[in-house]
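Below, in structure tokens: the form predicted alone, a single chain.
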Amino acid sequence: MRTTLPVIIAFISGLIMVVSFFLNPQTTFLGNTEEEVLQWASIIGGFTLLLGVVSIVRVNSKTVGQRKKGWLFNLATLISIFAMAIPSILPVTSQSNFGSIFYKVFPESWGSLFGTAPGSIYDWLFNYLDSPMMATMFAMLAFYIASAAYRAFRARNAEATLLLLTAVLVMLWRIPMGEAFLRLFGDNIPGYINTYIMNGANAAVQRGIVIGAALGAASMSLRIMLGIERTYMGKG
């Protein structure tokens, strides 16, 4: 039953979404069942996020407790999690029962420090710690991308040469200095790049990738509905 029941639930849920997509729910027996399924999916998704946080805390707590190599980074992760989470969920007004109890211990003037409003602890940490660290990470990532591009764009054969020339044109087109340089050879060259490369060849390749991904997703969904794919239950 532990295997059969999840498969039945997955099949019924998937069947409801498929039928609701191709048929009008108001003219079939489904009615608002599709909306109910989507609401349950959102609720379950919220619990999975909570489980993810619990898992991160458990793994990092174990590493810190055993003083493994690099445990200070795990400790910083734990401190960051609680520093961002606790102030954002604490009451910001004294209207609720918990809020009234909270402000019996702490001054009510501290209310602006909690929640996610501008000027709160959460807002300060996000703007002055999280955002700069994300900017730093992406700035460092640019060097790795440049290194990978250097290795990928070597003109070893005709296809690699074509890729190199296309990439150079697109990179020049994306920056003001490069666009000004291209206009030296003709004012319409940036427009040609946008029309024939970005909206032409690039869009065609992207659509092919999206179609392939959609077919793969449909195939995987069918395997899950039929009970062939059971990795979501921890089984192959």
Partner chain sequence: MTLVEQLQIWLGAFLVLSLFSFLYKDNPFYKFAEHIFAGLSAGYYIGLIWQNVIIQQLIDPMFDQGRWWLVFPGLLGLLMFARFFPKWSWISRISLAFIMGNTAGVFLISQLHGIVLPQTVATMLSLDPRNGFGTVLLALIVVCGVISTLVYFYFSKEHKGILGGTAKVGIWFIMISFGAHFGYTVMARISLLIGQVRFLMFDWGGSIKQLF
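Rigid core here is just the name for the largest C-alpha set that superposes within 1.5 Å across the two forms. Positions refer to the first chain, counted from 1. Every value quoted in this text rests on a predicted model; they were computed, and no experiment measured them.
The same protein also exists as the form predicted together with its partner chain; that form is not shown, yet it is the one meant from here on.
Q.
in the model of the complex, is there a heavy atom of its partner chain that lies within 4.5 Å of any heavy atom of residue 40, even though the partner is absent here?
A. Judged by the heavy-atom cut-off of 4.5 Å, residue 40 is in contact with its partner chain in the model of the complex.
Q) Is residue 113 close enough to touch its partner chain in the model of the complex, meaning at least one heavy atom pair within 4.5 Å? A) Outside the cut-off, so no.
Q) in the model of the complex, does residue 68 have a heavy atom within 4.5 Å of its partner chain? A) Outside the cut-off, so no.
Q | Any non-hydrogen atom of residue 62 within 4.5 angstroms of its partner chain in the model of the complex | A | Looking in the model of the complex, residue contacts with its partner chain do not include residue 62, since no heavy atom lies within 4.5 Å.
**Q.** Contacts with its partner chain in the model of the complex - residues in 41-57 whose heavy atoms fall within 4.5 Å
**A.** Contacts from 41-57: 41, 42, 43, 44, 45, 46, 47, 48, 49, 50, 51, 53, 54, 55, 56.
**Q.** Rigid core superposition, residue 73 Cα moves 2 angstroms or more between the shown form and the other one
**A.** The answer is yes; the displacement is at least 2 Å.
Q) Superposing on the rigid core, is the CA of residue 83 displaced by 2 Å or more between the shown form and the other one? A) No: residue 83 shifts by under 2 Å between the shown form and the other one.
Q: Return yes or no for residue 117: a CA shift of at least 2 Å between the shown form and the other one, with the rigid core superposed?
A: Comparing forms between the shown form and the other one, the residue 117 CA shifts at least 2 Å.
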